[in-house]
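A single chain, nothing else alongside it, follows as structure tokens in the form predicted on its own.
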């Protein structure tokens, strides 16, 4: 996929004597789509929050490529927005926090890009689950990130909403040449929407390779071997 955009070298996370994430190396290239999968408690969210800068690693380092924009768009499982504000107000607020020179214009561009025009002046708390997730993703784009991190983005969506979201994600990666790393518990979702799959269990990497190399049977065999 080319030179790494972001490289994690030996990053770990411990809580007292508990090792949530064992030393881990990961290189993410621009334009690459990586699925992060594994059972509950595997360390997926821990890894994502470290890459997002939400929490610091206990050890190791993150290195951005020379000249790369070290901006990350972070989409946690629970929508990170203000439910009493409208869609437009949320986007203006977050665009301003990201340092946009014209937050109103940035908000309008994001509304158009996320197809939120019909909901622009509706309170975020009144949006459907699928529409709220699109707003959540639009907020993550407010700072023009080079890396987009999604924590189980389709967990609450219906099948048709999932198809729409992944179509949009594919378009974003192509148009902005950004990297995408998302967690999922579905190997089918990983195979359909990623170039590469990273499997974690008990904070350790079990597999890191092309999505085409790991089917459901191989995935289950990996988890059984780690149990």
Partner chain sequence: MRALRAGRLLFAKDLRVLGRSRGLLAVLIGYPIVIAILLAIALSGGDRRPSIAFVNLDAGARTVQVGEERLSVDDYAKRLEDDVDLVRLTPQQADEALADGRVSAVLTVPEGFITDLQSGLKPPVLQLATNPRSPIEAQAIERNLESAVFRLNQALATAYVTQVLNLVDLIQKGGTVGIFGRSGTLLGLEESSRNLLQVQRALIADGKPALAKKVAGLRDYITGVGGNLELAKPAAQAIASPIRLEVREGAPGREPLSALGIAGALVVGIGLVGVLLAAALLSAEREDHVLSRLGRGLAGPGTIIWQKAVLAAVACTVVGYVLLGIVALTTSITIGRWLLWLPALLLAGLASGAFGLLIGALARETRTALLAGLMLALPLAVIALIPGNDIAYWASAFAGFGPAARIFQGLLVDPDVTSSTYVGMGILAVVALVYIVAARVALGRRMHA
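It should be emphasised that the depicted structure is a prediction, and the values quoted were computed from it without experimental measurement. Numbering follows the first chain given and starts at 1.
Just so it is clear, the following notes concern the form predicted in complex with its partner chain, a form of the same protein that is not shown.
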4.5 Å heavy atom contact, residue 73 to its partner chain in the predicted bound form: yes
In the predicted bound form, residue 59 touching its partner chain (heavy atom, 4.5 Å): no
Residue 123, heavy atom within 4.5 angstroms of its partner chain in the predicted bound form: yes
4.5 angstroms heavy atom contact with its partner chain in the predicted bound form for residue 79: yes
Partner-contacting position among 41, 53, 159, 167 - heavy atom within 4.5 Å of its partner chain in the predicted bound form: 53
Heavy atom of each of 84, 89 and 140 within 4.5 Å of its partner chain in the predicted bound form: yes
In the predicted bound form, segment of 65-73, 193-201, 177-185, 32-40 with a heavy atom within 4.5 Å of its partner chain: 65-73
Any residue of 162-201 that, in the predicted bound form, places a heavy atom within 4.5 Å of its partner chain: none
